[in-house]
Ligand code: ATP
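One chain follows as structure tokens, the form predicted alone.
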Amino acid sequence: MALLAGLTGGMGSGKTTVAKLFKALGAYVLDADEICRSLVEPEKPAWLEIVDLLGNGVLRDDQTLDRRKVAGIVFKDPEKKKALEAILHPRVIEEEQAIYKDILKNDPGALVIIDAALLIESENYRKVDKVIVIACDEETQLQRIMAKNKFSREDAQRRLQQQMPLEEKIKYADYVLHNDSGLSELKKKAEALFHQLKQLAV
């Protein structure tokens, strides 16, 4: 019996690192962000709807979406953010489910992880068997965001404030991995959880 798990966490929590660890251990990992990128390639239905919503100003010279410009608009306009999510979320979820079904044809006992920052906000958590939340304290999150994105503290705080708080995400979790103690500790926790999940997928 296969198992489909959703992996989420706030910006700077270490979600991507855990996804890579799971993949290295043998899980199938579906990256919601990558799937989203493929769905908004020029002239695809989602691309057309986004251009209609936000205008040609969000396009680069090669007609691909400028993600920074898109983010700049929707983070300041809640209505447009909601409209953008209505275009993207159902399509991403549908694609994930299709990929999952394809994996099961070849590997009926697969452990499949959906790596999705907006797993809960998009209601995608309803489509998975287990929810994993990667958590750490807010100061650690801020430091990681500032280091990775070259953001000022104010910018990092603004980004965090626009996300669902980690303590809220934890309410939906079947498993919580705390990532406050460095990579080696996180690796141990991820390996232990991987083996637990594999047992459920047998």
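Bear in mind that the values here come from a model prediction, so they are computed numbers and not experimental data. In this text, residue numbers run from 1 along the sequence as written.
The discussion below concerns the form predicted in complex with ligand ATP, not included here.
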| item | value |
| --- | --- |
| Within 4.5 Å of ligand ATP in the model of the complex, all of R144, K148 and L186 (non-hydrogen atom) | yes |
| Partner contact for M11 in the model of the complex: ligand ATP, 4.5 angstroms, heavy atom | yes |
| Residues in 166-186 with any heavy atom within 4.5 Å of ligand ATP in the model of the complex | N179, S181, G182, L183, L186 |
